[in-house]
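Listed next as structure tokens is one chain, alone, in the form predicted alone.
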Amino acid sequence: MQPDKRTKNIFDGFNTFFEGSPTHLAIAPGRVNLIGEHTDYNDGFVLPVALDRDVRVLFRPRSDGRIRLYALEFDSWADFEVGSRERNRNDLWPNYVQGVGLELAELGLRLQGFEGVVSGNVPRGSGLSSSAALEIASAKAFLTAADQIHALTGPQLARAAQKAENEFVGVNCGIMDQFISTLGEEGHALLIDCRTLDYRRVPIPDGVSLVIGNTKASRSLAGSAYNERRAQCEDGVARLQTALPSIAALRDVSSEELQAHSSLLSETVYRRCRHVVSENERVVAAVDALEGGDFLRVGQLMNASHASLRDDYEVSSEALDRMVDAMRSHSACLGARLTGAGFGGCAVALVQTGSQTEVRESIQDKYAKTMNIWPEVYISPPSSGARVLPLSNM
């Protein structure tokens, strides 16, 4: 592998702050979710894709138990002992790294220190999972420094990173982001069963490509709304269990069953549950359509997903709706939807291969005119999951 410009910049950063040479480069990608939103914490199905935007940790092991990392984009340091539970109150990003170390140690792994430079080009605050990419890249660095890179399976590593974000950072996320960052594969989406963590890779055929539009709009409501939606789903399950005692989550409810017992639920909780139940069905249908080469059907399912997120789950926004409209306005767009928690961040479009640049230019023109905001538009192939490169391979 020949170092690209960005990797050279990370090497320059390492040489600025450390003497000697690094030994490894850990890389973990961000993700976009093709379909399956707000299903992961309901034990459902998701279909994410790893992006060619990532977080990288250029590092070398230390002989002691100290972690020293400099983040280029934040211009700040993480400096702590492995096993320390004292959170960084000045910067948030070191807590993701520290929390991962704590969870790996909880699994019985004997860790040691490492030092290096962190750099990411996953847009922060966009809903493309820069935090999960940081967690997984850090986990790979921890395992490599301790000479235990094969100690955990991919699902075990993803679970540890999720637990770190839940319990140490304090963000009640699902498992999807860490899972796809760990186990993504070039040219494929990943169908994940968020209850069992069973997964299989689903090819993205050459005839279609992904275009991602960043609204550049604030996601300030996403955190509070996320917790509220989770609580509403849990309330729905508790009420439905009086008629369907065998269910444990909305994953276990069919659309027909939900409709039959809708009188048990308030109107709002019914609509929340209807989104989750129908979204799970759309994920399964989208996988069948992809594998059958029915791209028009995949696009229709993505459009239906956005309508459900907008109307039943109520996590869209004017910016996201206008972004989706701008995507769909081009004839090569087969379907588009918001991706991520909602309220801001990104939307994803499925487009005919060869038209990506035209679609990007159309999005930029129409969204900017409608919202008076210049969007960022990314064209990314389905990419590889996390890996560690010995520097002899670069």
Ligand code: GLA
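Each residue number is its position in the shown sequence, starting from 1. The structure presented is a predicted model; accordingly, all values stated were derived computationally and were not measured.
This next part talks about the form predicted together with the named molecule, which is not shown.
Q: Verify the contact flag for Y70: yes if a non-hydrogen atom of it lies within 4.5 Å of a non-hydrogen atom of the named molecule in the model of the complex, no if not.
A: Contact check for Y70: no, nothing within 4.5 Å of the named molecule in the model of the complex.
Q: Applying a 4.5 Å heavy atom distance criterion, does G345 contact the named molecule in the model of the complex?
A: Outside the cut-off, so no.
Q: I'd like to know if E135 sits close to the named molecule in the model of the complex, meaning any non-hydrogen atom pair within 4.5 angstroms.
A: No.
Q: How about R56: is it within 4.5 Å of the named molecule in the model of the complex, going by heavy atoms?
A: No - in the model of the complex, heavy atoms of R56 and the named molecule never come within 4.5 Å of each other.
Q: For the interface check, one of 61 to 69, 39 to 47, 325 to 333, 357 to 365 should have non-hydrogen atoms within 4.5 Å of the named molecule in the model of the complex; which one?
A: Selected stretch: 39 to 47.
Q: Considering the named molecule in the model of the complex, which of C173, A304, A289, L244 comes within 4.5 Å of it through any heavy atom?
A: Only one listed residue qualifies here, and that residue is C173.
Q: Please identify the residue among F80, Y226, Y270, Y96 with any heavy atom within 4.5 Å of the named molecule in the model of the complex.
A: For this set of options, the contacting one is Y226.
Q: So which bits of 336 to 352 sit within 4.5 Å of the named molecule in the model of the complex, heavy atoms only?
A: Counting only heavy atoms within 4.5 Å of the named molecule in the model of the complex, the contacting residues of 336 to 352 are G340, A341.
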